[in-house]
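Given as C-alpha cells, the chain that follows is alone and in the form predicted on its own.
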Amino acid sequence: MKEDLMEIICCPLDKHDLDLEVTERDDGEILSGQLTCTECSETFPIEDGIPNLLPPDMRDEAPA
C-alpha cells in the first residue's frame, strides 16, 4: 500500500480518519501494519501491502 492512500481512505464503519502504524516498509510501500480509526478505535490490518477494510465481523467469513 502506498502512504498516499491515507489521503482518500476512511473508516468503513463511521467514515472518520484512520491513523497508520507501519510495521514493515519496503521501497516506499507499506507491507504490513495497522490502520486505527480516530473515532471508534476499530483496527484494520495491512497484510502483504493490502489494507483489509472489511468490518470485523466479515473478516473471518471472507475467502483468502
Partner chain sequence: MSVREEFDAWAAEGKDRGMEDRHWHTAKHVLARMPVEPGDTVLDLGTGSGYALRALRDTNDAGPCYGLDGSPEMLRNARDYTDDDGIGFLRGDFDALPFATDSIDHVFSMEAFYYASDPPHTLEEITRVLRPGGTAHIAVNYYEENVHSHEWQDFIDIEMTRWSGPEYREAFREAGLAVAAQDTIPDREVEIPPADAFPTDEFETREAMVKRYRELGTLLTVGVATE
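Residue numbers count along the first chain shown, from 1. Predicted model only: the values in this text are computed from it and were never measured.
Below: the form predicted together with the partner chain, not depicted.
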Although the partner isn't part of this model, could you tell me whether Asn52 comes within 4.5 Å of the partner chain in the model of the complex, counting any heavy atom of the residue? yes
Taking heavy atoms only, is Val22 within 4.5 angstroms of the partner chain in the model of the complex? no
Would Glu29 count as a contact of the partner chain in the model of the complex, using a 4.5 angstroms cut-off between non-hydrogen atoms? yes
Using 4.5 Å between non-hydrogen atoms, is Ile9 touching the partner chain in the model of the complex? yes
